[in-house]
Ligand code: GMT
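A single chain comes next, written as C-alpha cells; it is the form predicted on its own.
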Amino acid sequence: MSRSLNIALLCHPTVGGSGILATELGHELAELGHEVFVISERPPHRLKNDHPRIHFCESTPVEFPLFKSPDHTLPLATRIAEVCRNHRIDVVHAHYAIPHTAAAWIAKELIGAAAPPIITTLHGTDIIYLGAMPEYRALLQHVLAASDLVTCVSQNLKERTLELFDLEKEILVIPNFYEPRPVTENRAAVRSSLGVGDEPLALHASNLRTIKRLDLLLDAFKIGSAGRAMKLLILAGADTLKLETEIAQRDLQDRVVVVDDVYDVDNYYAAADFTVYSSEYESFCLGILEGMRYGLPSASFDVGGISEVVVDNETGFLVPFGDVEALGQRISIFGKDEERRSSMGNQAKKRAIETFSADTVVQSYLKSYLDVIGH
C-alpha cells in the first residue's frame, strides 16, 4: 500500500459484538499506520483514546421539545459529512445498518460527488429484527443497495439477509476476530476477587438484551451445577437489576457472580474455565471467540452462525435452542471432567488462532477498502 488511509468507523458505543468488533478493527488499523476516525455518540466501550492514530469524533443527539426522544440519526449524518470534509476520509465503514448506514447515506448526499464510498458491515439483529420491521425495511433495502459494499460476519447472516432483501450486489462474508490483550491480574487474584476458589468457573459476557435469553442460561446453569461446586460469572453490559431478581428467584445467589462495566475482559477470560451462551440468535457470537482465544470451550444453543465458530464436540458443545436440560448436561460435563474441558479448550484456541485471527480478517477488510476506493 503506497499510503495510509483515512477511515471513518461508525458504531454503537454500547457493549455488543458490533461495537466491539468495530473498535478492535480500529485498533488494528491504527497499528498498521492508518488514521481512524471513530464516530459515535460517546466513546465505545473498549476504545483506546490514547492511540495517536485513533480520533474519537462525538456525534451529539439533539433533544427538542417537539421530539418524543432524542434524534440520533440526523445529527450523526451531519457529523459524518463534517468529518469526511475536514479529514479527507477515504472510506466510511458503517457497523450496524441502523442508524449508521442510513446516516452515512444522508451524509453522502450532503457531500455530493466528493463523498467517499460506504461499506456496511451487518452484525445480526440489525437485519434479523430491525430488517423484518415494516418501519425500517424499505429504508434498509435502499441504503444497503446504495452501499458500495456490504459485508456480513457469517454465512448464516448472509443467507438471512438475502432472504429479506433483494440485493443485486454480492455480500462478502468476513468473520469476526479477536486478539487478546495482556492480562493485568493473575488468575488466582481475579478468582479471589470474585469469591471463587478451585471450583470450575463458567463465564457469560453480553449486553443482557432479551435475545440473549438469560432466563434459559440461569435455568441451564441451575441444572448443570446441581450437586457440585461450580460458579457462573456474568459480565454484564447493561442494567443488572432484573437479572439479580431472576438469580434470586432461582436461588442462585451463592453460585452466580455479576460484574458490570468491565473493560479488561481478558483478566476474566483468563480466570474462567469455559463459556456458556443461550441466545435465540447469534450471527457469530464474539463472546465465544473471545473465550476460545483463552483456551475456553463453550456450551451453547446451536443458533445462527455459532456453528461456523464452534465445532460440536471438538471445541465446544452445541444443543438445540431451548433445550435447557441438554445445555445443563453439557455444563455439568465441563464442571466434572477437567481433562475433557482442557482438551476441548486447546482445540478451541487452535481454531481461533488459525481461523479468526486479526492478521487474516483485518487484511480482508483492508482489501475491501482498496477495492471500493478503486486502488
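Here the structure is a predicted model, which is why all the values come from computation and not from measurement. Throughout, we count residues from 1 along the sequence that is shown.
The same protein has a further form, the form predicted in complex with the named molecule, not shown here; the description that follows concerns it.
When contacts are judged by a 4.5 Å heavy atom cut-off, residue 151 does not count as touching the named molecule in the predicted bound form. When the named molecule is considered in the predicted bound form, residue 176 lines it closely, a heavy atom lying within 4.5 Å.
Contact annotation: residue 225 falls outside 4.5 Å of the named molecule in the predicted bound form, judged by heavy atom distances. Using a 4.5 angstroms threshold between heavy atoms, residue 281 counts as touching the named molecule in the predicted bound form. Of the candidate stretches 134 to 142, 116 to 124, 79 to 87, 226 to 234, only 116 to 124 contains residues with a heavy atom within 4.5 Å of the named molecule in the predicted bound form.
Each of 18, 96 and 285 is positioned with at least one heavy atom within 4.5 Å of the named molecule in the predicted bound form. Proximity to the named molecule in the predicted bound form, defined as a heavy atom within 4.5 Å, singles out one entry of 262, 74, 211, 146, which is 211.
With the partner removed from view, the residue among 207, 192, 240, 155 that has a non-hydrogen atom within 4.5 Å of the named molecule in the predicted bound form turns out to be 207.
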